[in-house]
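What follows are structure tokens for two forms of the same protein chain, given separately as structure 1 and structure 2.
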Structure 1
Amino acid sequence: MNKKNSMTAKNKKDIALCAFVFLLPVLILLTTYLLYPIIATFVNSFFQWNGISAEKKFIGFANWNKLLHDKDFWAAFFNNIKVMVLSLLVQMPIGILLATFLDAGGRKFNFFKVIWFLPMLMSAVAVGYLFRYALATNGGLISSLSELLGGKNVDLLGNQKTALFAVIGVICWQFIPFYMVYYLAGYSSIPEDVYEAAIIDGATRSQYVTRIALPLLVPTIRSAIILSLIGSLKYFDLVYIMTGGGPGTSTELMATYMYKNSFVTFNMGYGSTIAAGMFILITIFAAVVMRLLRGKG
């Protein structure tokens, strides 16, 4: 009995050692590229530093106090909230509708799958430049159509009232295909027997979707909402290319505001504080949403 216990203990040690050896490269990578940058960001937030020189001046919580009273940062934060809410309201329903349409058509609609997924294959920088010129006041697609119809030039990106909504529209155009495929994968995980049983019981396609498929897709919808929420709070490249945060601060987001402070005005200490603030806010939002969604499960 003792011999058996000693062999079991030895096997457990061997398994633990083997697991540690295989996990060690991953742990090193996560520490180097995830944990260390987060810690370094919080440390730099307590210094006045231009990001280039070796000299750093410790200023305590001065950067954090500035952040709490920074109207531009909170304006950028509320812009992120607008992006988050409108992205959820637009991307989720359209993504589900497209996925439902493609699931109903099966292989016959493979052409639509390819065409509709094309925006997701383009880089955010390419999409930003594409729509920056398409929405330009002079010579842009919208302005040209307006002129053809006898109207005036349309300035969507240069107008503080419409710029953010134009950017959100482009964001949705690019990312709806991602959620379409995400929900389509959710549909594919539903056993075919469930659909066949529903049809045998006299259910129509719409009844199957609304009463059976969608309830089974709830876990997928939850995951998609969390992904959209986190992504909306850290958008950068597409917005920076299209508007640079302007006009004024109408499209300024937390990430673009952080970039400008860190790499345009070379105030790396305060830029690190903004990045740390983003980390805290995104973590809180994600935790709250996950708790709420879990509570509805």
Structure 2
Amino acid sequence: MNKKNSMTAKNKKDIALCAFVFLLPVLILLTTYLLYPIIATFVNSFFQWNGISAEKKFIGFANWNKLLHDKDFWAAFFNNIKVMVLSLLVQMPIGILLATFLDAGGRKFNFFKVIWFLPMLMSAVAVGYLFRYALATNGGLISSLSELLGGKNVDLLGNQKTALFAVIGVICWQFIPFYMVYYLAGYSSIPEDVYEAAIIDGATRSQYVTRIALPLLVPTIRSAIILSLIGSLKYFDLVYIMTGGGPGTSTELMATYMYKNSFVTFNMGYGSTIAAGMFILITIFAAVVMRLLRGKG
């Protein structure tokens, strides 16, 4: 009896040791590249520091106080919110419509599916450059269209009032295919029998979609919304390349603002504060959204 006990104890130790060996590389990597940097960012947020000299000056909450009263940061935050709300309102309905169309058509519409998916194949950098030129005042697509119709050149990206909307349009252009495929996967997870039973009971295709399929898709829609909401708070590449945050602060986002402070003007102390602030805001936001949307079961 005693022997057996010590055997299992030894076995347990063996298991723990083996697990530790297997987990070690990942744990080392995550500690150095994720855990330590997060802590370091919070520590740096209390210093005045240009990032190059070894000299750091402790300034307490001065950076945080500056952040709370920094009009540009809050402008960037509200731009993030605008991006979030508008991309949700545009991406979700169009994504569902396209998926419904593809689901109804089956293999016949493979051509549409392939072409509609194309924007997803481009990196955010490439999309940013493409539209920087496609929306250019001289020789851009919209300008040329407007000229063709007898109008004048249109400067979407150079105008403070339209720049953010143009950027949001491009974000939607790139991400709608993602949600389309996501919903399509949701549709195809509905068993064939459900459709057949509905048709036998005399439902039309549109009745099947609105009364049976969409209610069954609610969990998919919910997680797509979470993905879109949280993703919107982190945008960087595309916007940085298309507009660099300008004109003025009209397309500045939290991430571009953080980048500029840290790596363009080398104010790394304050840059850390912005990054830490972003981290806090995103974490709170993610927790609230998950609770609200998941809570409904």
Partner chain sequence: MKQEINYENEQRKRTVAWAVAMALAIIWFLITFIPFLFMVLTGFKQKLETILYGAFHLPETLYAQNYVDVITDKNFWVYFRNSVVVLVISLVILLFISACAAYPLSRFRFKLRDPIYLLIVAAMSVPIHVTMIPVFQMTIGMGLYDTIWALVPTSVAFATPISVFILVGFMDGIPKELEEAADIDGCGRYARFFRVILPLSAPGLSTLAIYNGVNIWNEFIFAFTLTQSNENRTLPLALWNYQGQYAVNTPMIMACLSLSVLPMIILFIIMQEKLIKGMMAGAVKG
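If you superpose the two forms and keep the largest set of C-alpha atoms that fall within 1.5 Å, you have the rigid core. Residue numbering: sequential along structure 1, first residue numbered 1. For clarity, every value in this text was computed on a predicted model and none was experimentally measured.
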{"item": "Of structures 1 and 2, the form predicted together with the partner chain", "value": "2"}
{"item": "G244 C-alpha relocation of at least 2 Å between the two structures, rigid core basis", "value": "no"}
{"item": "C-alpha of L30 moved at least 2 Å between the two structures on rigid core", "value": "yes"}
{"item": "Shift of V264 between the two structures at or above 2 Å (CA, core fit)", "value": "no"}
{"item": "Rigid core superposed, the C-alpha shift at C18 between the two structures in Å", "value": "5.5"}
{"item": "Inter-form CA displacement between the two structures at G150 - rigid core frame, Å", "value": "2.3"}
